[in-house]
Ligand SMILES: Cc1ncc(COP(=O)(O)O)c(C=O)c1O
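Given as structure tokens, the chain that follows is alone and in the form predicted on its own.
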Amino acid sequence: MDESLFADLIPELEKSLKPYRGASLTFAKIPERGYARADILREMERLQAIEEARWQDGKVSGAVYHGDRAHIDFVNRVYALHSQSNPLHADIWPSTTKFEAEIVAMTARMLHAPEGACGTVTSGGTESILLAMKTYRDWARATKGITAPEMIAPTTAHAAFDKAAQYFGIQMIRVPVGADFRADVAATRAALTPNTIALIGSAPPFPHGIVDPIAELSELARARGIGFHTDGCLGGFLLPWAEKLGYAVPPFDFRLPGVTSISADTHKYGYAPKGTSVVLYRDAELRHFQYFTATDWPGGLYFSPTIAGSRPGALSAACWAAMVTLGEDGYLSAAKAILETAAKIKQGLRAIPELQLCGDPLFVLAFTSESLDVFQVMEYMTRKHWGLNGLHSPPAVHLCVTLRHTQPGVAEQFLADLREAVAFVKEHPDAPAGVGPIYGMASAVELRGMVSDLLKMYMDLLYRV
């Protein structure tokens, strides 16, 4: 990799990624004498206060989904009570396996799972997706003799599916989405081969927030006798309550007979601390292909239901506590506030002639522009301390609405700043576009390798002291 290609960019990246360099305690080796606990706590509290201010006022897309101080204090107390627990040792901490079994059962019930459905708690949406794809690979090998497995996903499906393909030797077939940003059913049908092990749909996908036609896609899978995975990592804990509130939610869960697995993130709209998700299967036979067992190891019998061996049981305890203290009434109240705020922002977006809303999403609001560089708009919003997500193919920006945005005045401030951003970019068409040029490079096939190198350099910077 030639770092000289990004000589001007790397110093700026490093500056933004390492803001505490020279301004905080720094250790490149274990100190000869341990520091006083009080001193370390003061330092960590100082850094925490700086960073909390960045999301507390509701200027960040997604990231923190609840954020209420009483809720945070409660789940932190639960975590502290269980900080030593590890579900790998179920005999020592049976409370942790109780919590996890109930998290799975409650999530399955919410998503209309049939009798016999099951699942596991994972570390997040990526692990849930990885495990589901690994499960289909092993199931197809054992039951169908498929040794060159393929899976079919819309272009908007999460990059974790590409990671699963890379990790587990599965060929990824990407199919286009239509003008409505939903997966193309005809293209999916045309992509099926005898080696297809699973189809994927999202509820909703991260980029544009438009639920895929999961009823049609899952029926294709059912007719072929293959797996269908609904990626509900983002919407799995919001769409069920939106439906109860009367919003038009396309079918996406186990009520569709072709859906054989679902992922849903408890640490997003389930309002648990970061580090938990759920992957569900229609039956236990399928889940068995997820498990790992070793019966010939000198260290004894070894088995684990997920990728990790030791896991932080405290996260599962805090997840369980969040779910049972919120209850249906809490989830409904949160969904109502989020969806009403999203509707207000959508209305405001549609009133800005230079911006176009991508489809008609419920809570992930993506917008593009036919007349302006939308990344210049995002760059201006960044200077106003908004943390939005840049998208490409097509170039767009989105805001994932959370409870943080339902605070008084946040939606109004977002729209006021967005109108100001549009006016500025109209007057200054040569204004900096921030990450825009990088997204533009990624859109060109011949330059994607260069962008991949840049991303690797970015990750290298994260681990520099």
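Residue numbers here begin at 1 and follow the sequence given. Remember, predicted model here, so these are calculated numbers, not experimental data.
Absent from the display: the form predicted together with this ligand. The rest refers to it.
Comment: 259-267 is the region of 314-322, 138-146, 75-83, 259-267 lying near this ligand in the predicted bound form, near meaning a non-hydrogen atom within 4.5 Å. H158 is the sole member of R287, H158, R182, H208 with a non-hydrogen atom lying within 4.5 angstroms of this ligand in the predicted bound form. A heavy atom within 4.5 Å of this ligand in the predicted bound form is found for exactly one of P361, G124, P305, G330: G124. Put simply, D231 is close to this ligand in the predicted bound form: some heavy atom of it is within 4.5 Å.
When this ligand is considered in the predicted bound form, G227 lies well away from it, no heavy atom lying within 4.5 Å. Within 4.5 Å of some heavy atom of this ligand in the predicted bound form lies at least one heavy atom of P204.
Taking the partner from the other structure, this ligand in the predicted bound form has no heavy atom within 4.5 Å of any heavy atom of I200.
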